[in-house]
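Single chain ahead, by itself, as structure tokens, in the form predicted on its own.
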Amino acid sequence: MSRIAVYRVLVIAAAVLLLELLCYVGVIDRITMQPPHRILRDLALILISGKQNAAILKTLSNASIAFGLALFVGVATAVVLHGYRALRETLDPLFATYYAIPVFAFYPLLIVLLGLGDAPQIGIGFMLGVVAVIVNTLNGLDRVPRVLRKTARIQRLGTIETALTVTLPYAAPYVLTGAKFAVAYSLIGIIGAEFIMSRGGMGYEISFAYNNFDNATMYPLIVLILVVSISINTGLSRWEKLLLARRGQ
């Protein structure tokens, strides 16, 4: 384990121990939050009992679809924009201010366009994640050496073939950075949409538990979301480091 990883574990352990201490001495009362060891116990009971399996599956499935769409559309859009400088310069200000837009305000419109069900929630997750992929992929494409592009032209590779075999592989670490953001944003979008208008999913269950002071359900589900997000991003980060290490960076 690297030194940074050790420091990271120590920081997390210190935070958990601090919460445990604050709960133990009564600074944080049991109505507000149970101690971390109780949260982990309740999470284990939820997973073993299977009573939240449908909600967990619904949220993670919709988040996976939203992430997949954001990644595919984001990368494809970045490749197209990188070839049209005028269009990119036109859209750059929008990308810079995109996350100031209250995306959840479009939820009623998405219901009208896509109907009731999971599609509007997936749409919110997609809208939150796609711009992060576009921006980071463009950042990677900007760093592709001119010699690689010249080599592709000499080999008479087409636009799509050049992207798939030359530019995108070189920009892969930056694409993975966008993917990490998209994972978090997709989960935020799906869970936030479930908070607003849904009869299922982890967001709905957390909201219902919050309104009913059910800490034994609310906090374990929040921890589960954190664990899933951190695990996926950790895997993507290791993949990114491997790609950079191969280039001696």
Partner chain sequence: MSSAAMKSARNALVLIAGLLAAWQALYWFVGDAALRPPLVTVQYTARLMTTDAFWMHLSETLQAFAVALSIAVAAGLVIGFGLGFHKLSAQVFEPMLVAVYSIPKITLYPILLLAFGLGMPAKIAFGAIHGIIPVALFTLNAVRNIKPILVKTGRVHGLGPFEMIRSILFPAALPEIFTGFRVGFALTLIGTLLGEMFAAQRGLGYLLMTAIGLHNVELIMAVTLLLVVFAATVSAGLLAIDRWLHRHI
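Residue numbers count along the first chain shown, from 1. Everything numeric here is computed off the predicted structure, so don't read it as measured data.
Below, we refer to the form predicted together with the partner chain, which is not included among the displayed structures.
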Whether A66 contacts the partner chain in the predicted complex should be assessed with a 4.5 Å heavy atom distance threshold; does it?
no
Hey, in the predicted complex, does V11 get a heavy atom within 4.5 angstroms of the partner chain?
yes
Would you classify Q155 as touching the partner chain in the predicted complex, given a 4.5 Å non-hydrogen atom cut-off?
no
L45 near the partner chain in the predicted complex, any heavy atom under 4.5 Å?
no
If you check A216, I196, L40, L57 against the partner chain in the predicted complex, which one has a heavy atom within 4.5 Å?
I196
Only one of A100, I160, L116, V147 gets a heavy atom within 4.5 Å of the partner chain in the predicted complex. Which one?
A100
Considering only 105 to 121, what residues come within 4.5 Å of the partner chain in the predicted complex, judged by heavy atoms?
A105, F106, P108, L109, V112, L113
